[in-house]
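There is one chain below, alone, in structure tokens, taken in the form predicted on its own.
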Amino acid sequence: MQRRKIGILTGGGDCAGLNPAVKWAVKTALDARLAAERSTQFEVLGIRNGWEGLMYLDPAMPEDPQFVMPLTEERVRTWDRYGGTNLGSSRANPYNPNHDLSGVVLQNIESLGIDSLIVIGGEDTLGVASRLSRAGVGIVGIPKTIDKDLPGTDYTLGFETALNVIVECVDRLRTTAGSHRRVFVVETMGRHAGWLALEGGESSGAYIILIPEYDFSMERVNDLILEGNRSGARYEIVIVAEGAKPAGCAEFVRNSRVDSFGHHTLGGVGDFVASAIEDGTGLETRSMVLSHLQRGGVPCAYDRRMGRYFGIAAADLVMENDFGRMVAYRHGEITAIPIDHALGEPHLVDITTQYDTARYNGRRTILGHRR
């Protein structure tokens, strides 16, 4: 019987759904019945802390538990009920132009005897995977990002659980907002894509939703707040994505530092909007930044199922030697696309069909424009 070794890693920001994907990729690869059918026996090796595990592993110590861990069916049996990633993650970039360690990564993949690598991540992590694929590594990708902005797939792991967090937090804020007759501004994640803010706002019934795809006017925001106040509303909830910005302004950046992929840390627009509302309307206003709360917690039922389906599909691709591809969810079906197709222009909110630019909210007509 042929023997092959699979490596699995999770990179970038953590989120719910990663552990279910790892569990089901492992269980599928190690399934005894499938092994007999394909005449191939797999071994699975977990890579710790994203690309760091392959960047800093000493080839002389290939079993170093700081960087690698054998994955068995028994070890991953309960993983699908936990959030985050039991393998650990990082934003390390082997192709960082200031410290390129891609050669070390390739050497360690060879020294570990890895025949193929399942990579779970977003644009940055999958971008590294794509470059390694072109260098000859057998790569299979799984899409993960709470921003849901990867092109080529209708779903990315972590999104639905993050939405649930937004809804729960807004529900809790409503009690204090109503008690004190306050406006609350809630800042969500979403660097360039407004999906979290938009769908989180729609799900929680937010009065105003501000997204990166449409620059807003504070004058218009204040007019809407006062309109709601005159109609008798005791409080209002405003949701704003971290990448949203007023017309004519740049994104709000927390500091000047950049990560190994060249990204600034966004944030601060929620405080700006809250201050501008209070100054412009005279209504007491508070802001809250959800930040990493959106990444935390156990995966919801949907992310557990999608993690399962994506993990199984990734293992299928490995078994078929169909590399250089990413599993995807498109038009209600699990499929696979070339990994490079997930690295193009980001999947953003369509302003003309999914956003009401007059109300700064989700659309109010769905079937009204049929022909």
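Nothing here was measured: the structure is a model prediction, and the numbers come from that model. Don't overthink the numbering: it's just position in the shown sequence, from 1.
In what follows, reference is made to the form predicted together with 6-O-phosphono-beta-D-fructofuranose (F6P), a form of this protein that is not presented.
Partner proximity in the predicted bound form, defined as non-hydrogen atoms within 4.5 angstroms of 6-O-phosphono-beta-D-fructofuranose (F6P), places exactly one of 190-198, 276-284, 112-120, 208-216 at the interface: 190-198. Taken together, the three residues 91, 147 and 292 all come within 4.5 Å of 6-O-phosphono-beta-D-fructofuranose (F6P) in the predicted bound form, as judged by their closest heavy atom. Applying a 4.5 Å heavy atom cutoff to 6-O-phosphono-beta-D-fructofuranose (F6P) in the predicted bound form picks out 242 as the lone residue from 238-262.
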